[in-house]
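Below sits a lone chain in structure tokens, taken as the form predicted alone.
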């Protein structure tokens, strides 16, 4: 049986680098569709255009306008293909309007892993979270929150209580949100889903007492390795909120304690949640 997530990512070739897709309402958050899921949708189409280099090593995306549920097209323009990487411009077009413009550099993570050498090292400490059963489950969110954030029905999110005081009206003020995460249907993580993962947590501004939808202006994501099966651990953090903007840095760790994805995005200070 095909997992719901994969059905939502489906892309049909339409010729001349175009792919027909359907933007699902189930990934809505506030007034738009989750940006990380949309990047996964775009990259899934790009993989068809570049089958020998299927992995999105580096993605830089500009969010030009909010996408809505319904038909859309992914438009792929390969700029360079050869050697160990390929680079392409990828756009999500809906109603004749470009919603997202991205540049993606792809390669084969298996080939890069085979180049491992004595110089390989990680200076990052694996993300430590409380046991899953001690964390706050997204399934227990109030009905009004689930209505505002429809994508909560697509996965299992378990928030670290140490950075989730905002759920009870007492934000911690640390600018950090971190959680366990996995897709529904027992669907294991892969490189495409990592682009969803880097944008799936509540904005870090919740922990600063500013709840609501925070529209992304630009997001850059790096996929560093194929994730092992099992839960992912995700941490978002910010150091600067000023002038109506904030940055959000993300780390994604897999069940084998490897840093498998990183991202940074610039976003607008959230719009208020509906009362």
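Residue numbers count along the first chain shown, from 1. Being a predicted model, the structure only gives us computed values, none of them experimental.
There is another form of the same protein, the form predicted together with a further copy of the same chain; it is not shown, and what comes next is about it.
The closest non-hydrogen atom of residue 10 lies beyond 4.5 Å of a further copy of the same chain in the predicted bound form.
Interface membership of residue 112, defined by any non-hydrogen atom within 4.5 Å of a further copy of the same chain in the predicted bound form, is confirmed. In the predicted bound form, a further copy of the same chain stays beyond 4.5 Å of every heavy atom belonging to residue 48. Contact annotation for residue 254: none of its heavy atoms lies within 4.5 Å of a further copy of the same chain in the predicted bound form.
Heavy atoms within 4.5 Å of a further copy of the same chain in the predicted bound form are found in exactly one of 58 to 66, 226 to 234, 22 to 30, 36 to 44, that being 58 to 66. Site annotation in the predicted bound form: the residue of 145, 139, 132, 101 reaching within 4.5 Å of a further copy of the same chain with a heavy atom is 101. Annotation for 5 to 38: no interface residues with a further copy of the same chain in the predicted bound form [heavy atom within 4.5 Å].
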